[in-house]
Every structure is written in C-alpha cells, then in structure tokens.
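First comes one chain, alone, set out as structure tokens in the form predicted on its own.
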C-alpha cells in the first residue's frame, strides 16, 4: 500500500499518540498537532505545537504542511477536552473552553484541510465523538453537547464535500483508559460500561481498527456515519 500523508490532532497523548504510532508503523507520513510537545521521533513524523481552536494557529500549521508534504490524504480530529460536572454547577468559562476545543477546533481544521485533501484520490476526514452523546450521560452536558455538534458537522460535511471525493465519518469511543477519563471515578465508569452491549473497557486498538476501516479505499461509499464502540446505538 502506498504511504499516506495523515494529520492527527491531539497527537501528544492518549488515542492521538496511539494513532500516530500506528500509522508510523505502517510507513505513513504523519503530521501531529497538539498544544504540548511530542516525544515521538521519526523521520516521517512532523509535529506542530498549536491550539486547534485558534484560526491563526491552524493557518500556520497548514501553510507549513503544504510546504513540507504538499498534500494530505487524511485528517483525524482527535483533539478534545472534557470537564465532568453537574449542569447546574458547570462554570460558563468551562463550557466555552470545551466548545472551542472540541467543536471549533474540529470545524477550523476541517475547513483549512479541504484544499490539501482535494489532491488525494482517497481523501478522508475522521472526527472523534463519544458514547456520552447517545447515552445522554449525566454530568457531561457540555462535553456531550460539543461532541453532538461535531457529529452534526460530520454529517453535513459529508454532503458538502462528497463532490470533492472527501468522505467524512466519526467514531464514538466508549471508555478507554486514557488521561481524558483519568479523573472519572471507577464507580461511574463501571456504571457506564453496564449500559453497553459489550460490557468491558475499550482499547485504543479498537479505535485504530475502526479508523483503518474508514481509511480503506474500499470504504469510498461510507460517509456521514457515526459508529460507537461498545454496542451502543
């Protein structure tokens, strides 16, 4: 398989870092983006420190990517933050921060990536959502709302970008032992898992498996879809 040019946001830890390592192992050229530095060192890895919610940062990243690699085959919007809190007690500035990173960051990077993705014969956009959306999880109003917005954006982009040969899909991971849920109590995690058809924690490999499905050239007719892990519909 020909090496691809893949951008992953939120690339310095958790699912994002696992995706970077997965694609590097396959021989792809990977562009990682995150606010913090990366400890990954590879000849075919390029890392940019940037805030995905800032348009100026996005413009800088894509201008440099165009110079370095010329085009993109894949954009994976993984960057995200969560603040677990009861709705009545959630500070407004927390809501704004969550919406800026999770939704606006995804919106901005998708928009800026279009011209580079149009050059690819198998252009793909994959956005990360969460099972908190279909489960309407208490204590995650702002987080779930931001990811619900990402899902709606994904479906509309699938319609608008289909004529450019770009497919747009989303993945909703169930709980995975990453930093994102490190502050969530074990009791709450277990309660969430009991709502799944498959009653166990997911692994990052479950995400990479689904990503590989979306990226397969034979998946060119799959667009506007959101697939949740754990047997949740």
Partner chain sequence: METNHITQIVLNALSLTNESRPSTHQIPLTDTTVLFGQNGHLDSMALVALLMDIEDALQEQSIDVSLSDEKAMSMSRSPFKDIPSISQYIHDVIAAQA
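Numbering follows the first chain given and starts at 1. Here the structure is a predicted model, which means the values were calculated and not measured.
Beyond what is shown, the protein has a form predicted together with its partner chain; the following relates to that form.
- Item | Non-hydrogen atom within 4.5 Å of its partner chain in the model of the complex for each of 59, 115 and 118 | Every residue of the candidate spot has a heavy atom within 4.5 Å of its partner chain in the model of the complex.
- Among 141-149, 125-133, 157-165, 88-96, which stretch sits within 4.5 Å of its partner chain in the model of the complex, heavy atoms only? Looking at the other structure, the answer is 157-165.
Scan 66, 37, 200, 191 and let me know which has any heavy atom within 4.5 Å of its partner chain in the model of the complex. Only one listed residue qualifies here, and that residue is 66.
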